[in-house]
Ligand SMILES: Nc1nc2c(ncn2[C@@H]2O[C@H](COP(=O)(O)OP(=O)(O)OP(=O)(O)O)[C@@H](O)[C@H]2O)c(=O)[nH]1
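Heads up, the chain below is alone and in the form predicted on its own; it's given as structure tokens.
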């Protein structure tokens, strides 16, 4: 079941949208207040049916149609979940591609297109009319500071006025690291110890096109430490970019997303993409939760090793196809 995230100004309005978009028998997984109203996570509960090929047969041994099986095997090695792959195969069953036997040359291209459509990007992290104040949040060690440095450097290259604020006074040398980077970019840098400090620093840089806030890494199991960060970011009106290591297992990815959901996750950046052979588990979790993907971090070099999320390129990697086969 693919979950759908529905936001509205009031809870009754959100529930009404759930009924309209997911049906009267929709399964509501979670409801919670957000900065702008309420968020409801829901999905339509569908009975599990045995997979069928294009002729309606359920007698084959694999859980995939014969034509789709080679692609499904590659995507499984990549880490994609069966939920995502079932959604792709179901969409393909309604097309003219041949799934009863392998070898249809049109199948890889079309499978990439279907998967790419499930991956929603978030261009506002870098667009001129996007997020002005952006806080990078996430567990310890996922590369928040490095990702901030890449985004700040790219913004400066675009000619934007940039300011950097750090809340991370816990990690040894974190302040000095960011201060040195800010000096290198020749941009304002502030250390904030409280919500008032953050608000003051934002007011001091109100003319900046982009204000980046670095935060202390929080374990998803230490949920008691997250409400304070949530209040701070809400009070200053900051958008949030969750950094999640691409090699994080599906179960742990869900734990992170659930823990950080109260902050209001505006976008996700999958970091350390180059350090795993199976980034599909974290990717699938983001897709299944209905979250938007902004970037992939593919190395330590600043600012080169960060890529804007491209569903077509990601789908081509998942199915081990030529990138040119995916939609541009």
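What you see is a predicted model; the values in this text were computed from it and never measured. Numbering follows the first chain given and starts at 1.
A second form of this protein, the form predicted together with the named molecule, is not displayed here; the remarks below concern that form.
| said: Counting only non-hydrogen atoms and a 4.5 Å threshold, tell me whether 133, 194 and 204 all contact the named molecule in the predicted complex. | reply: Not a single listed residue reaches the named molecule in the predicted complex, so no.
| Residue stretch of 31-39, 66-74, 274-282, 287-295 approaching the named molecule in the predicted complex, non-hydrogen atom distance within 4.5 Å | Single hit among the candidates: 274-282.
| request: Work out which of 108, 247, 188, 217 lies within 4.5 Å of the named molecule in the predicted complex, going by heavy atoms. | output: Contact check passes for 217.
| field | Of 124, 171, 86, 234, the one that lies within 4.5 Å of the named molecule in the predicted complex (heavy atoms) | value | Answer to the contact question: 171.
| Contact of residue 102 with the named molecule in the predicted complex (heavy atom, 4.5 Å) | Judged by the heavy-atom cut-off of 4.5 Å, residue 102 is well away from the named molecule in the predicted complex.
| message | Is residue 299 part of the interface with the named molecule in the predicted complex - any heavy atom within 4.5 Å? | response | Yes, residue 299 lies within 4.5 Å of the named molecule in the predicted complex.
| request: Consider residue 115 of the chain shown here, and say whether it contacts the named molecule in the predicted complex, taking contact as heavy atoms within 4.5 Å. | output: It does not: once the named molecule is placed as it appears in the predicted complex, residue 115 has no heavy atom within 4.5 Å of it.
| With a 4.5 Å heavy atom cut-off, would you call residue 82 a contact of the named molecule in the predicted complex? | Residue 82: no, not in contact with the named molecule in the predicted complex.
| field | Any residue of 135-151 that, in the predicted complex, places a heavy atom within 4.5 Å of the named molecule | value | Sequence-ordered list: 139, 140, 141, 142, 143, 144, 145, 146, 150.
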